[in-house]
Structures are given as C-alpha cells and as structure tokens.
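Next up: a single chain in structure tokens, the form predicted on its own.
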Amino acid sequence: MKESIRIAGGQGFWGDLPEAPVRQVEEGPIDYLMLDYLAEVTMSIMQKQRSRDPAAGYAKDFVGLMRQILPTCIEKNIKVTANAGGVNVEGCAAAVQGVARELGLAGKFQLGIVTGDDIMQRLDDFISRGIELRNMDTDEPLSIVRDRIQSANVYLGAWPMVEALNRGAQIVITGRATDTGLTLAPMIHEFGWAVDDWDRLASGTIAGHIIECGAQASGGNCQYEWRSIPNLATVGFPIVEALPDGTFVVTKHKGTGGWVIIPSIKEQLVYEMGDPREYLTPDCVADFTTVQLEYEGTDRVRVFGIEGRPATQFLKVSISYSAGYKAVGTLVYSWPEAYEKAKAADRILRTRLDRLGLKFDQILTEFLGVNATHGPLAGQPRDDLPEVQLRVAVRSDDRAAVERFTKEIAPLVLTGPPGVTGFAGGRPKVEEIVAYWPALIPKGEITPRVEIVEA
C-alpha cells in the first residue's frame, strides 16, 4: 500500500480549458489524472452524434488529449480515469488504441473499458415489468415520454473502475459514471478500502466532489475576494493528496495561478448540494456536515473528519427526451430611454404574435442590463441606461410557430422603437429542446461490464 497518492483534476466538463490536463501531467508529480467530461445534456448530444455516425458518440477531445499526454503518462506511470466514453465507450477506446499505434506505444499499457450504463434498449422491458422509472421531481411514469426519449444512462459508481485498475488498466474509460467515482476509484484501488468502509468511501467521494469541476476549487468562478485571486490566466487545477485513512489535502502545482483556500473549497462543496447530510452516490451516502477544513500551508487545505453511511439499493438514471422547440432573439436599444424602448418593442412583438394566432408554451422576455440576472429582485434601474438588450425566447411543440417567431424579430428594426442595433447575426435559429428526466432503478437490474484490452 502506498503512503499517499496524488490525484489531479484535469477537466471539469466537456469543453474545459484544453491545456489544463497537459499542465497537470507535465508540471509536477501526480499518480492519477481524473477527467470529467459528462453532464446530463451531454449524453443526449452524444447520442445524436452517434445516430448520424455510428463511430461517434464520445468526447473526441479526449482522444486528442491522449495524443499529447500519453507518452508522458507511460513514462511517469500516471494512470487516467475518464468518463469520456459517453454513449460509445468502445469507440472511444478504439480511438485511443489508434493513437497508441500512431505514437509507437501499442502494447505499452492496458486499457480498461467500463460499460453497462446505457439502458436505452432495455426501457420497454423495464416498463413491461413494472419498473416505471418515475420522474424524481414530478413522480410521472416514464411511459408518458417514451416515444421522445433520446438517451438513458445509469450512473455507475467507483467499483467497476476499481476492478479495471485492479486488473492492470492504466487508462480507464467509462460511460456515465459518477463524477466523484473517478477520484474515489483510485483511492479504493491503492488503499484497499472495503466495500462497507463507509467513512473512507465518503471521504473519497467528497474528494472527488471537490475536484470534479476543475479550477472551480482552485480560484476559478470564486466569489470570495475575486479581485485578489492571482493570475487566473494560468490557473492551476486542483490536486488531491490522499492518505489511506481517508484524510486528504487539496492543493495545486507550485507556480500556477489561482489559489486553494478554505473559502474556495467551501464554495465548491455546496455546488449541486441538496441535503448536505445525505449526498447519495452508488458507493455510499456522504455526510457533508461532518467535513472539517484547516490550512496546512499556502495553497494547501486539509480535509478530514468525514463520516459516511451505507449506500441505497438504487442507482440514479439520467434520461433525456425531446420536449419541443425553442428560439431566442435579441435586439439592442440605445440611449435615450433605452429601457422604455425595449419594453415597447416587447409589447409590439407579443401583440403581433398574438394576432397571428401562434401558440407557445412559454414566451420569456429578459432585459439585459436591467433584470436578466436577478429578475424581479433587480427592481427598476436608477438612471437612464445607455443601452439595454431585449432578449425574447419562445418554446412550443409546434416547430412552425417557432419558425414564424424567428421571422418577427427583424421587422422590429424598422417597424418598432428607434435607436436599435445588434441584429447583424441574422434570424434566430430554431433549436430542439432536450429535457431531463431523473429516475431511480434497483441496483440488481444493472450489471456493469469491465473489459481489459491491450493498447
């Protein structure tokens, strides 16, 4: 057993800072690189990509990254855990194998492939057997949107990744695994934690939660004294130094920008937080009220005292489905009386849409510069604003209605209030709305699959 391991967060979402994982690998010692690519809507995007191209459906950025860092990872024996596989884990793994051959590294490492999260083809069977996959927010059965579903994936936990690591994988690629499991798995693997060691599992889960959003724990998007945060242009992504007893230190590479301080850690801890006493994962229930934080030097925050409880008998399912269409149009009105002009334009537009008899599920108007961020809490502007952006959005199951809305924005330039600009981008685009359906499924219905292949 190692005395400690260093797990570096290198990606907070699909599209995060491209250089971050490269710098994590090259600018200091780490044992693991954790890469989190997936969000709820990401799965439906990948499913659409795969429907057009059977070879697609994964985070192709990951393949390009491997081309950059694979030689160094092999040289330094850095292991990688990544949920970049999306809805085509095998395709992602094959692409990485291609990179290995291209770089002359074939046969130099083993690749772990974790599948079993995609349940799209099993939905009808579940429903027929009375597993209704009810919406956790509304309690409606999945059957009411069955014909519009685009993706359905179970959140797998850390243990399938642990199996892959135990079997010798250096790069582990998963589909929809929990963000926290990407960090927890290396700890279980290295320290030999038991499946019912709830306090340590909770500690590893919270470590994963802290670094899963990348630089959000090390200065990025930090509200606390944000003007004082040093050199965000070269922000260092967070690293967890974990010990066998479950305690860990959050830090970053020396010489990088940003900071690791208790307030930045606290801000990340409450991210996506429900009941802090019951943070539910497939691996355990973590009690965030037991988290203790203390400084252990500059850019070093020690985390300890964490308690956990047994996991539930369910897994969460992330389902996406088509929910109609939307379009968003904008115009900018200038001083004088910019706000009054924007409000008048909104009234004119709504009157015209109503006269056309178009049916919308929702019409939403925002006035950027006045109340778009804080809504009614913003109150009225104190002074005559120099400019206000009118932003109007509509949604409807009727694509034709949304299409007609997109044709009603531009005429306001010459048939509405004066002092308008900002329409050089052309008509708004009609977009399909992808809605989220969270559900639970008994653990016994899901069997993760782990495959180890030579790269």
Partner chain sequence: MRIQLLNLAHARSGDKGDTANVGLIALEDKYYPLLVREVTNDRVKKHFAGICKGKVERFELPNLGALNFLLHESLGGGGTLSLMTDAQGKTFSTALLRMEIEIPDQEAQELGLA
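Positions refer to the first chain, counted from 1. Here the structure is a predicted model, which is why all the values come from computation and not from measurement.
The form predicted together with its partner chain exists for this protein as well; it is not shown, and the discussion that follows is about that form.
**Message:** Please tell me which of 144, 348, 293, 94 lies within 4.5 Å of its partner chain in the predicted complex, judged by heavy atoms.
**Reply:** The option sitting close enough to the partner is 293.
**Request:** Identify which of 288, 109, 198, 193 has a heavy atom within 4.5 Å of its partner chain in the predicted complex; exactly one of them does.
**Result:** In short, 288.
**Message:** My question is simply whether residue 267 lines the interface with its partner chain in the predicted complex - judged by any non-hydrogen atom within 4.5 Å.
**Reply:** Heavy-atom contact with its partner chain at 4.5 Å: present for residue 267.
**Message:** Would you classify residue 255 as touching its partner chain in the predicted complex, given a 4.5 Å non-hydrogen atom cut-off?
**Reply:** Residue 255 lies outside the contact set for its partner chain.
**Request:** Considering only heavy atoms, tell me if residue 66 and its partner chain come within 4.5 Å of each other in the predicted complex.
**Result:** Although its partner chain is absent here, residue 66 would stay clear of it in the predicted complex, with no heavy atoms inside 4.5 Å.
**Asked** Quick one: is residue 366 in contact with its partner chain in the predicted complex, heavy atoms, 4.5 Å cut-off?
**Response** Looking in the predicted complex, residue contacts with its partner chain include residue 366, since a heavy atom lies within 4.5 Å.
**Listed range touching its partner chain, judged in the predicted complex by heavy atoms within 4.5 Å, from 331-339, 218-226, 307-315, 116-124** = It is 218-226 that comes within 4.5 Å of the partner.
**Item:** Stretch 340-374: residues contacting its partner chain in the predicted complex, 4.5 Å heavy atom cut-off
**Value:** Counting only heavy atoms within 4.5 Å of its partner chain in the predicted complex, the contacting residues of 340-374 are 362, 364, 366, 368, 372, 373, 374.
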